[in-house]
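Here we start with a single chain on its own, the form predicted on its own, put down as structure tokens.
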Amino acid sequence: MNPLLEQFLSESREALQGIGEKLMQLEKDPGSTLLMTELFRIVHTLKGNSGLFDFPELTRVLHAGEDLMDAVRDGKVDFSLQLADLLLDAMDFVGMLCDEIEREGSYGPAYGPDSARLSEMLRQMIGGSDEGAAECSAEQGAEKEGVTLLDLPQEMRDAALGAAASGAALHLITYTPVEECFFQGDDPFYQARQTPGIIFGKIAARKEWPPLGELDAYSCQLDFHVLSSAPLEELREYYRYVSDQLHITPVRLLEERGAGSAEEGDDPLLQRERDAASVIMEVQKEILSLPDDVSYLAGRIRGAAASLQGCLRATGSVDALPGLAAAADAAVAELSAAPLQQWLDCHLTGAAAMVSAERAAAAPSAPAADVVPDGAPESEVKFGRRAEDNLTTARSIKVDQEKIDRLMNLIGEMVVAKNALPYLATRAEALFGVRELSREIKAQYAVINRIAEEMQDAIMQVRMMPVSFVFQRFPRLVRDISNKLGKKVNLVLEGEDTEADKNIIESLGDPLVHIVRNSLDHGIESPEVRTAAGKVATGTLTIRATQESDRVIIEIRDDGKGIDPEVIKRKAYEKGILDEEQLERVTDQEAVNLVFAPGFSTADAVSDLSGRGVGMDVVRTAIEKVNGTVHLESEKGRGTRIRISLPLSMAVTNVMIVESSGQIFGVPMDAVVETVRVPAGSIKTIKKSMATVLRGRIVPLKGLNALLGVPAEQKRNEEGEVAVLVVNVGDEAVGIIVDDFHETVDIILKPMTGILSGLCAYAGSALLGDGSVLMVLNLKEVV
């Protein structure tokens, strides 16, 4: 895929998203001229850009959409929900074509009927279908009727004679660009000059030129007349973007008639055709009179015979054909033009005088300039753009994501490399006793550390994207689903400028879609139910994004019916997720959290929106995959709130190093609550499980050696205390007993690969500054 096409697809995505947003806003404010103007501008720009590529189906739909927007903007058509639906369907079609272009580089011809149907539906909204059909019918009628060569101006007729001698079909093209064509990115002169098979062209003023002071240089007042020998289909394909400004008429050398009609000598049209045939025969006579001492004499004779044969058939003199064929055969056999010349003398009538009269009568009828069909310099190729367009300096550039990822990986390596300097300083002082060198290394480490942190922050900023990248899809989603369900929903988006790493933002898409669909399907009630419950008929769905420290918080709240814990418990019991004992023990909050259980659903029937019991399970899995957490709160009759917490970035992970049984392990700082030293006497055993009381709450304790299957007791310090690392696992705080704590470091966490990927106890590994490998614990699996 070439860079230009990639840029087009990228801009098309933004434009389609913008069109959807404007349509959503127009539904709320249909009288806004500003919104309609902006919408028209986006559609117009997208259509113009599509003209750079050979995607006629895509351009046709955009063109029809642009016309409809123009009609709405001018007040000819009222904006309505039906119109918005149709435009959204059209933009969905364009988006689908863009998807296929992105995958395959182009799209197949199967989209032609859909494109035509959508274009027709759009034009029907402005009442243009009948007009278009009439124009089409008129054009087809004109093509069927056609004109003869004698109807053409003399200079065009001469050029056509030579081309027609080879048997090519001729077409007269009348191209009438719209006056504002320059503002649509068209270049009619270039378009006409590049007509396939062009043999003659002329530009004519549409009306008398005004005084120079009143001339509007940006209004096209020219008509283009082109004679072409290209097939009709090729011409239609070439002019497919301006088909409504075109008139193609087939040109016949002579009117074909039967033998009987040749006797209608009083027909003025037939008389002119006979005169033209006489001209052609006279030309053949001149050709046959040339010297015979050439190697291609046989070809010359056959060519002249073919031309004479065509004249006889066109004028209905088919009886003379056998004599012509015999004379031609004799001439070829004798390698002499004399036999054919003698036959021609017998049939030729005074056509030479007609030729002179015709040429003398021909004269130009309007200010005109010949079109040179070829030989144009390469620099004049403008691809339909106006020469006066000024190129502006771009204020931003688009960079391939792979390049940013490479920079991110490099800065990650630099972070690891600079961590080696403190080890070097320690060795320099401890092993070699050069304290001064150790001090200088530490000083240089401080400088490099500052630069590395600034570089890391700068690259992180490049990767940061606003959550609006995800949020922008929801106005359309909420609108469509609420209409489908017959509900009224007011969507409120807040904090769209909140930024996070690109990978984090992209990972939000599917989970949020699942949550919003569930809120609309199960949460917010229908207007009748809400009114009966004393609520306003229109429900409110709020999606809010905020940043808290180094986390992004996404909150989805609705004021629907909420989740009934008793219904959840009953469903869980029916599905075998809970037994009778658990059913009695489970709290309301624990029951609500069962919606995240795989296969759990309260829906009685499966629909295209929900009911399969995979949505919320997928949500939790997708969020935990990027080190995020999800928390659900619901109150029956009041609504539901889902809070998603995600890291700002996944590129660099801050971990605490702990030691156990002579090995070091990493624990993500996101999960660490605190580190404490607990006297051994404060550890109690409850049902074979250890626990202690920290700040008035019971914290279960687990030894890291026991969790990893290491047959060793956890070490105590000289005061008989054990080191306890309190971490959050899900919604619970758990104390992990380790031998000792070490420092926290920034690492580049690499996932486990190969056979090691089966070790679910580890989230990954990292390389430390001294070259050792640090295994990072996966607390959810270990605890």
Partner chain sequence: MMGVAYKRNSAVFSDTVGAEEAETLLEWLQKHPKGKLDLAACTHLHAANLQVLMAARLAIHKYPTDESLAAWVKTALHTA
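Residue numbers count along the first chain shown, from 1. Every value quoted in this text rests on a predicted model; they were computed, and no experiment measured them. If you superpose the two forms and keep the largest set of C-alpha atoms that fall within 1.5 Å, you have the rigid core.
Another form, the form predicted together with the partner chain, is not on view; read the next lines as being about it.
Trainee: Of F79, Y445, F189, F665, which residue is found within 4.5 angstroms of the partner chain in the predicted complex when only non-hydrogen atoms are counted?
Mentor: After the contact test, the surviving option is F189.
Trainee: State the residue from L215, A110, A458, L290 whose non-hydrogen atoms include one within 4.5 Å of the partner chain in the predicted complex.
Mentor: Selected residue: L215.
Trainee: Within 4.5 Å, heavy atoms only: does E208 come near the partner chain in the predicted complex?
Mentor: Taking the distances in the predicted complex, the answer for E208 is yes, it comes within 4.5 Å of the partner chain.
Trainee: When the contact criterion is heavy atoms within 4.5 Å, does R193 count as touching the partner chain in the predicted complex?
Mentor: The answer is yes: R193 has a heavy atom within 4.5 Å of the partner chain.
Trainee: K202 near the partner chain in the predicted complex, any heavy atom under 4.5 Å?
Mentor: Yes - in the predicted complex, heavy atoms of K202 and the partner chain come within 4.5 Å of each other.
Trainee: So in the predicted complex, does I515 come within 4.5 Å of the partner chain, heavy atom to heavy atom?
Mentor: Because no heavy atom of I515 falls inside 4.5 Å of the partner chain in the predicted complex, the answer is no.
Trainee: Of 653-661, 180-188, 112-120, 697-705, which is the one stretch near the partner chain in the predicted complex, taking non-hydrogen atoms within 4.5 angstroms as near?
Mentor: Among the candidates, contact is made by 180-188.
Trainee: Any chance the CA of S660 moves 2 angstroms or more between the shown form and the other one, core superposed?
Mentor: No, the C-alpha moves less than 2 Å.
Trainee: Look at E528 and decide if its Cα position differs by 2 Å or more between the shown form and the other one after superposing on the rigid core.
Mentor: Result for E528: no, shift under 2 Å.
Trainee: Aligning on the rigid core, do we see the C-alpha of D216 shift 2 angstroms or more between the shown form and the other one?
Mentor: Yes; that C-alpha moves by at least 2 Å between the shown form and the other one.
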